[in-house]
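A lone chain, given as structure tokens: the form predicted on its own.
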């Protein structure tokens, strides 16, 4: 699921910012093209695309800094929903 999640998240970001290049591990906030409004779009996208709800305690910048961290968040939330 993690590779699939990375692909979907990366596609969502690159659709919004087609001229920006970054790796799955790079801090997209430090690169300067992502702001807090787009962070909320990321939350909404992840919840809808992966059929999960992100609890308040997981809504911190550390979970959204990179594609890999967001994919890890998705894996945690979807496994918690199953288990």
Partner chain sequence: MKAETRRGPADLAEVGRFVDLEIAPRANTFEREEWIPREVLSRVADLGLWAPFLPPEFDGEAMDMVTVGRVHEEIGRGCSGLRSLLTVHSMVSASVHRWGEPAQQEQWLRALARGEKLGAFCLTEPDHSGSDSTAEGTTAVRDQDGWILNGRKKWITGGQVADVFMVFATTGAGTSTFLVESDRPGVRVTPLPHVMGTTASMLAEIEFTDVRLEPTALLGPQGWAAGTVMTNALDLGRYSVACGSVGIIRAAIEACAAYTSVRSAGGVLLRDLPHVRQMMSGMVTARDAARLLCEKAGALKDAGDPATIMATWVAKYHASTSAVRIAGDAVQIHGANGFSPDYPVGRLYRDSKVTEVIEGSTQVQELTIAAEAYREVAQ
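Every value quoted in this text rests on a predicted model; they were computed, and no experiment measured them. Numbering follows the first chain given and starts at 1.
Not on display, but discussed next: the form predicted together with the partner chain.
Partner proximity in the predicted complex: residue 44 to the partner chain, non-hydrogen atom cutoff 4.5 Å: Yes.
Non-hydrogen atom contact residue 40 with the partner chain in the predicted complex at 4.5 angstroms: Taking the distances in the predicted complex, the answer for residue 40 is yes, it comes within 4.5 Å of the partner chain.
Residue 23: touches the partner chain in the predicted complex, heavy atom cutoff 4.5 angstroms: Answer no; every heavy atom of residue 23 is more than 4.5 Å from the partner chain in the predicted complex.
Residue 75, heavy atom within 4.5 angstroms of the partner chain in the predicted complex: Contact with the partner chain, no.
Within 40-71, the residues that have a heavy atom no more than 4.5 Å from the partner chain in the predicted complex: The stretch 40-71, when checked against the partner chain in the predicted complex, contributes 40, 41, 43, 44, 45, 47, 48, 53, 54, 56, 59, 60, 61, 64 at the 4.5 Å heavy-atom cut-off.
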